[in-house]
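What follows is a single chain, given as structure tokens, in the form predicted on its own.
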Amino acid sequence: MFEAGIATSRRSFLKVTALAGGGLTLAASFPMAARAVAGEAAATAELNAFVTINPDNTITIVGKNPEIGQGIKTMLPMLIAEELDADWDQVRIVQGDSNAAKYGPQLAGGSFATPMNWIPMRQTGAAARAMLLAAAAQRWGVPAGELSTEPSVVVHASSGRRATYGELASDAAHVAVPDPASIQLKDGADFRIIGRAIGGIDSPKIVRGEGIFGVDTQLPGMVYAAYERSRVFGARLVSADIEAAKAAPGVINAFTVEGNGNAAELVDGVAIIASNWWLANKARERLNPQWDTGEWAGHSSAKYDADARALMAAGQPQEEFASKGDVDAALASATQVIEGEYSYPFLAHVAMEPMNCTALMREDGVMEMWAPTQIPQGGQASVAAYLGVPQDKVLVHITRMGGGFGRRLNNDYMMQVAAIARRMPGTPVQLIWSREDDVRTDYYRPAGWHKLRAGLDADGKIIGIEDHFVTFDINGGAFNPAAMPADEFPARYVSNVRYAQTKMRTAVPMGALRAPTSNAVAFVFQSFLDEVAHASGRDLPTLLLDIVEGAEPEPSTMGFTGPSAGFDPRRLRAVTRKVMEMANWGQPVAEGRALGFGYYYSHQGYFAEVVEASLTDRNQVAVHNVWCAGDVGAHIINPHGAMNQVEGSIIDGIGQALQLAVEIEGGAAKQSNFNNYQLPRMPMTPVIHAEFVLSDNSPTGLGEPALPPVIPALTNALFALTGKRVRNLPIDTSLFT
């Protein structure tokens, strides 16, 4: 699903959504006909699904995608407002409900919002502006070509006539929606909203403590639910003391819920409903549930690690997923062969707002839901299938989320509350997970193990590279969060390549975490390439520049497709040189400190980063500065939000490198809360110096690509400082004693 969104051109994207919309003109841009309140000369007018203009000249724009803190609720309306030529101070933004027919795809994931919507949202605004111009031309009896706009005003310069959008809106609502192919979009030099640093539209409400998150949902007569499920992944419920739970103070009801056979949606559990959440959660202590854990209780991180290393030592991968040339011959003839084994752990998402959802089974058979979900249309489809009703019988209101990072791409909490609410028709039910539920019941970033070898010729050129990747077998679904790209850099630029893998069985649920795959593989390959550079007498940025010297953009090699198709080495060179300049790379640094470099191409963004690190008197890692250069295209739509994303990604990555890991013991997650899964705190946050390298490319997303390079940049800095290579995450500081 995600890869298709990237591979499709902007124009064909519109065509595809038109076909999928069943006759709608353009589902993504103009998904509904304009209309106005009949009989009112100056009424509120809805020009299309996204734009409503009021008589007082205020403009309401719908933010269609879920807001998880990435700023999309502000950024997408900025695109519309820019081409509408709106007065931003008069713009009001509302969150749209889940409605594919009306708004097109609605999701927060993969950093896809910008590339998927850059053209469609602008066309939406431009169409509304064209309709206003047409309305003014009809009113004044002049050619539309003689008219222009100023912020929220149509102007006829030769006669001096002016009319606000609010005055024209009702007339404009009766104008035919123009063909998007006929619309001339603004030149970038004329932008006055795109490129302007604008604070988050919800930020004042958050500062005031207003209830805008999913967990803040309040409905008349609402009750609260907790859901008990096995800590051992893959277990089935055998029995529970339901009556004991029902006898607890404040408990309204309790009952078992049978899973639907899809561990990514609904697993066996016990629902407890009470007058408030604390009482529901407390009553779980009385359940004494018995679980059939099968083989899974014998699984552990230690077992996975031992099994993975034995598999790598055996040297017999199950399958090759990328191969060209003759790697064995290349390595046999190499002047030097560099080897390294790397590993990384499971990681949890731990969004600040734990998983929650509110549902009401209405008398008309509609399941109405208030859901903090990153993929509402997916949740809507899953709930409808579970209930056995048409999808239009599930109404999903998208609420703001207190973080997501990929966790809310799984809608298991929506399924749980739907299963509960169907048993209590007419009563709104709010399901809330405890923090322990949230940490122990995640879709974790997969752990992984890599054994790499690279051969160098006498000139230090890489003539062969191989990787035996030990990962997990993840059943079901096209998206595999444990996968490694078949064209993982530097595969395109090495003559002999063999990437192979062996998969182990597990019941640990796994999913996408910010910069999925990239957040792990960047550490492995950029650290290993740093080893290669060191062995050849170079530094890593020089090695990377040498590898791609003279290379031009390539649409695909070795049959590779997907997000990496279209990789442009010129952009790698630009960000690498820029960050070297920013960090004074190659110049002396303060005593007791060292610099490390990392680069990565992730989610269509090119980022190079330099970390300055040291060790404290207590042998703890201190990160002082991070320099970051990124290329995400020709325009930074909202510099305020963009910088927030870059800085947040870097801090996330440092936390992952230094102290985050989920350990499996007895088939369950050992970690349970912030006391033993410690997120980055302010004292460990470095000074971050970030700059963007603008290139002649359409803008792409920023939620993820700045994260991957900081991890190897840090571990490479520690090697430069100590001579000790970090091969396993999180960093074990005993390595440096």
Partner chain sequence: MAYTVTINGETREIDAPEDMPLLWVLRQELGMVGTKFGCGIGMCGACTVHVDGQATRSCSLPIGSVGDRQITTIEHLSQSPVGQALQQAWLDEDVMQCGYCQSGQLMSATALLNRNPNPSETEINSAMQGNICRCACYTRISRAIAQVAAEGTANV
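Just so we're clear, the structure is a prediction, and the values are computed from it rather than from any experiment. Residue numbers count along the first chain shown, from 1.
Not pictured, yet referred to below: the form predicted in complex with its partner chain.
Quick check on this chain: which one of His534, Lys282, Arg231, Lys578 has a heavy atom within 4.5 Å of its partner chain in the model of the complex?
Looking at the other structure, the residue within range turns out to be Lys282.
May I ask you to choose, among Phe405, Tyr165, Phe597, Tyr600, the residue with a heavy atom within 4.5 Å of its partner chain in the model of the complex?
The option sitting close enough to the partner is Phe405.
Triple contact flag Ser434, Leu513 and Phe674 to its partner chain in the model of the complex, non-hydrogen atom at 4.5 angstroms:
Yes, each of Ser434, Leu513 and Phe674 comes within 4.5 Å of its partner chain in the model of the complex.
Among 384 to 392, 424 to 432, 335 to 343, 584 to 592, the region lying within 4.5 Å of its partner chain in the model of the complex by heavy atom distance
Looking at the other structure, the answer is 424 to 432.
Given that the partner is absent here, does Ala136 sit within 4.5 Å of its partner chain in the model of the complex, heavy atoms only?
Residue-level check for Ala136: no, no contact with its partner chain.
Is there any non-hydrogen atom of Pro446 lying within 4.5 Å of its partner chain in the model of the complex?
No.
Check Ile547 for me: does it contact its partner chain in the model of the complex (non-hydrogen atoms, 4.5 angstroms)?
It does not: once its partner chain is placed as it appears in the model of the complex, Ile547 has no heavy atom within 4.5 Å of it.
Does its partner chain come within 4.5 Å of any heavy atom of Ile68 in the model of the complex?
Yes, Ile68 lies within 4.5 Å of its partner chain in the model of the complex.
Which residues from 316 to 352 come close to its partner chain in the model of the complex, meaning a heavy atom within 4.5 Å?
The stretch 316 to 352, when checked against its partner chain in the model of the complex, contributes His349, Val350, Ala351, Met352 at the 4.5 Å heavy-atom cut-off.
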